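Okay, here we've got a single chain as structure tokens, the form predicted alone, with questions on binding and movement later.
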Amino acid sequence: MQIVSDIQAILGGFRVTLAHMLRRPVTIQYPEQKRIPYPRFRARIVLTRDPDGGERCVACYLCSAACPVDCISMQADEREDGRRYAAWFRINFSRCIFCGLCAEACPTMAIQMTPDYEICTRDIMDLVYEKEDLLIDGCGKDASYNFYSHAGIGVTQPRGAGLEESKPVDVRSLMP
């Protein structure tokens, strides 16, 4: 009985191989015909803007900390009104593995992945993208999300002044 099941397994493998060999190949003539990627396809990284038109990136360094190949670098700076921003932001696409961990880690939804997969050049230094190359005019996937209006940060309103926020508690008043 062992021999019969082994022969059936081998014949099943041959059947699958033969079915694939006899199938007509699907060839896409690449430069003329482009493949449409799946909706959740992750490729080139972009920096998005708020609905107000400001930069979403607050230079929290979570994207560079989450990156497994260390291809993201930035420098934080602060405006006069107290809002943080990235003075410079750099991604080395020659090292990027397009895993999407940077987009997952971003609390402001500033980093988003696009389905643009045609990133090719002969000069490797052309694959180092600066902030000006990455920043787009639109809001990306969620056009209504504004980090500062949801975060309740004191730069836009005092602490405890949000709709669903209670006033700060003095911890010394909690002592017995």
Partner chain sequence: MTAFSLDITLFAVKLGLVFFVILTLAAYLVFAERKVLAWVQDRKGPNRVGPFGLLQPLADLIKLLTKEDVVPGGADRWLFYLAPAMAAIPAILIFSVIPFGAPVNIFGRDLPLVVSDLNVGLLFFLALSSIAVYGVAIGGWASNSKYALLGGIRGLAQLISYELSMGLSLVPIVMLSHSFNLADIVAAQKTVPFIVYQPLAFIIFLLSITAECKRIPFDLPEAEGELVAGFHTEYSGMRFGLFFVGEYINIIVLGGLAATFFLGGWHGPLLPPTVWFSLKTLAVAFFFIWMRGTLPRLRYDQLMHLGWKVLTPLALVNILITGWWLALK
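Positions refer to the first chain, counted from 1. These figures come from a predicted structure and were not determined experimentally.
There is also a form predicted in complex with its partner chain; it is not shown, and the following applies to it.
**Student:** So which of 135-143, 109-117, 27-35, 44-52 is the stretch with heavy atoms within 4.5 Å of its partner chain in the model of the complex?
**Tutor:** Heavy-atom contact with the partner occurs in 27-35.
**Student:** Residue-level question: is residue 17 within 4.5 Å of its partner chain in the model of the complex, judged on heavy atoms?
**Tutor:** Answer yes; at least one heavy atom of residue 17 falls within 4.5 Å of its partner chain in the model of the complex.
**Student:** Indicate whether its partner chain has at least one heavy atom within 4.5 Å of a heavy atom of residue 10 in the model of the complex.
**Tutor:** Taking the distances in the model of the complex, the answer for residue 10 is yes, it comes within 4.5 Å of its partner chain.
**Student:** With heavy atoms only and a cut-off of 4.5 Å, decide whether residue 23 touches its partner chain in the model of the complex.
**Tutor:** Because a heavy atom of residue 23 falls inside 4.5 Å of its partner chain in the model of the complex, the answer is yes.
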